[in-house]
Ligand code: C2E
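Just the one chain here, the form predicted alone, laid out as structure tokens.
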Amino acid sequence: MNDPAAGDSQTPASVGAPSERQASLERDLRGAAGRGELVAHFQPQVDLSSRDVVGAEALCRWNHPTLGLIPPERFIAMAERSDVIHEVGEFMLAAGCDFLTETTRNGYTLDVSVNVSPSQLASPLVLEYLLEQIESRGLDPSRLTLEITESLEIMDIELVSDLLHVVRDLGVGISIDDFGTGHTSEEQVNALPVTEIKIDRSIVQDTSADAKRQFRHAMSLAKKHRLRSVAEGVELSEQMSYTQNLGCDRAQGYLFGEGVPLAEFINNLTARPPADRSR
């Protein structure tokens, strides 16, 4: 999930022609992780039955040295078009593992979700890196979920299917992100070792009859295949009640908290009493 990030005081629109700006940004993005410009924020996921924080999604941010904080929708697609996505992807996998390490060290048993791109999944290097991170840190792989976007074409699904099955054999979960916005069929859900679906914010926030039908279909699919369900973009108490009434397992959105750095996330956990139903 790529949510907007605030704080862009200056944008690339202020310098040069569009093609020049794009090329400049692409050059700047290369090596950004090594220079400490990429940062990971974590948005809480809440169990809708207990209202406890049970996990988080790792969100990538780029703190450009001159342009300020650039939201993911401005640079992830750009990274996808080049091999820079592997650099960004490794940074985020490490950040997700940092989350598991630090929250466990602080006495919490939480899950974390990390987005991975089709091009990452097409490379066996991502599996090697993931295995290295899990084993070197002594992590419980069942606490980690890799999110793939629902817009993944069937050609790509066939390409990455074998790798996803190996990832699942490690104990790592597989989630279909932005569910309801693409063309995922039940056959594709059967073909992949999916453990979770994340219902897109556009469906959660839409009160139309069609959106409600899509939501019910998603929940029916989740229950049939025994998949965990997560509602994205929950911002109102009415949306929380609606998703819970439909039987959704978890939710995330501004109602429960925005994405914050890891240290702040842990501080918020400490300050928030268990099963806080006041939110």
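Residues carry their position along the shown sequence, with the first being 1. Everything numeric here is computed off the predicted structure, so don't read it as measured data.
The same protein has a further form, the form predicted in complex with the named molecule, not shown here; the description that follows concerns it.
- For the options 64, 61, 51, 228, the residue carrying a heavy atom within 4.5 angstroms of the named molecule in the model of the complex is 61.
- Exactly one listed residue, out of 160, 116, 203, 112, brings a non-hydrogen atom to within 4.5 Å of the named molecule in the model of the complex: 116.
- Heavy atoms of residue 238 never reach within 4.5 Å of the named molecule in the model of the complex, leaving it off the interface.
- Heavy atoms of residue 186 never reach within 4.5 Å of the named molecule in the model of the complex, leaving it off the interface.
- Taking non-hydrogen atoms only, residue 76 approaches the named molecule to within 4.5 angstroms in the model of the complex.
- Remark: residue 196 does not count among the residues lining the named molecule in the model of the complex, judged by a heavy atom distance of 4.5 Å or less.
- Heavy atoms within 4.5 Å of the named molecule in the model of the complex are found in one stretch of 104-112, 188-196, 133-141, 171-179, which is 171-179.
- Each of 72, 147 and 232 is positioned with at least one heavy atom within 4.5 Å of the named molecule in the model of the complex.
- Residues of 124-139 are not found to place any heavy atom within 4.5 Å of the named molecule in the model of the complex.
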